[in-house]
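Let's start with one chain on its own, the form predicted on its own, as C-alpha cells.
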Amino acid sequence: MKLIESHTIGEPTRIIISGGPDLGTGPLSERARLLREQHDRIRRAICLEPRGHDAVVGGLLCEPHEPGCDFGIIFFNNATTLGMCIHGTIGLMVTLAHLGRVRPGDKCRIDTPVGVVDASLHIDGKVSVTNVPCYRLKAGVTVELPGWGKIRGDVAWGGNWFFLIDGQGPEISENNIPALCDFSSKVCEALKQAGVTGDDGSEVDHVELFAKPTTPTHSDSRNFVLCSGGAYDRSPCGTGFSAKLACLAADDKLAPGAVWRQASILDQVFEGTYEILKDGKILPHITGQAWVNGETNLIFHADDPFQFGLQGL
C-alpha cells in the first residue's frame, strides 16, 4: 500500500494512492460505511501506533460517484471515518500536484461522503476549498461542567458536527494544551449526557474553543479544536472554521464576501469567506497551504501482532 504524506500548516495527512481496499463504485457515504465496517484495520494501520499517532488523518483516494467529479476521497482519523476534512482536502490537492495529476490553476470537483466540494490549487501553492453547505443548528446551548459551571455554545455543521464556545475555558495557548484537551473532552461528555445532538441524533463529536487573537493584525481570532478520537487539530480546522463562519453569519457579525482570518493553536492562519444560499445555509470558501513531506510504502508482516495498529492506548 502506497501513501503520500503531507501536512497542512502542522496537521498531518496520509493519502492512500494505491493498494487500498476495493469498496465498489457506490456513493461515497456507502463506501465510507464499508470502510468502517469491513476494512477498519486499514484505518488502524495508518492512524494508530506504531506507524501513526493520534493527530494523523488518513484519506483513501478513489473514483468519484457523483457526475462531474474528478476525484473521490474518504477521510478517517484515529477513531472513525470523517464526513469531510478541509485540511485533508488541502493536503490532497498538493498530493495530486506532487503526482502530476493537478497543476497550478486547476480547479477540481471532489466527491466526499457528505457531498461534493470544489478545490483550486493556486500559483503560490495555496489551496482554496469550497465546502458543502453549512449552518448553525442551535444557538446558546448550555451544559453544566464540574469546576466550570455553565458552559454556553452553539451547535453547527461544517462537514462534521461542532460545539463552538467563545471566551470560556482554559487560555488558548500552546503551553496549555493538556488543560484544553481535558476541558474539551469533558464538554463532549457533558453534551452526550445532556442529549445535545446534531440533526437526526448525530453525535456532536468536535469541540471548538475561541479567543481573541494574539496579534489583531495577524488574525481575527484564535481557536483550539478537539476532534473525534480525542486528538487536537494543529491547523485551524477547516470544517470547524466553516461552522464558525455559519455562526458569524447567523449573528450578522461577518458580511458575505468579507474575509475572516482564523488562527490555530499554533497561530497559523486559514482565510475564509462565505456566500449565502437560497435556503439560508452558507457556502464557505477556505484557503490554506500544505506541503508534501514524504512517500511511504506500508509493509504488513503476517507474524507482526501490531501490523494493523495498537488499540486501547
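Keep in mind it's a predicted model, so treat the numbers as computed, not measured. So that there is no doubt, residue numbering starts at 1 and follows the sequence shown.
Separately, the form predicted in complex with ligand PYC exists; it is not shown, and the next lines address it.
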query	finding
Residue among 227, 74, 92, 243 with a heavy atom within 4.5 Å of ligand PYC in the predicted bound form	227
Sole residue of 156, 237, 129, 207 within 4.5 Å of ligand PYC in the predicted bound form, by heavy atom	237
Answer range among 211 to 219, 107 to 115, 229 to 237, 168 to 176 for contact with ligand PYC, defined in the predicted bound form as heavy atoms within 4.5 Å	229 to 237
Residue 223 within 4.5 Å of ligand PYC in the predicted bound form, heavy atoms	no
Heavy atom of residue 180 within 4.5 Å of ligand PYC in the predicted bound form	no
Any non-hydrogen atom of residue 78 within 4.5 angstroms of ligand PYC in the predicted bound form	no
4.5 Å heavy atom contact, residue 102 to ligand PYC in the predicted bound form	no
Residues from 142 to 169 in contact with ligand PYC (non-hydrogen atom within 4.5 Å) in the predicted bound form	160
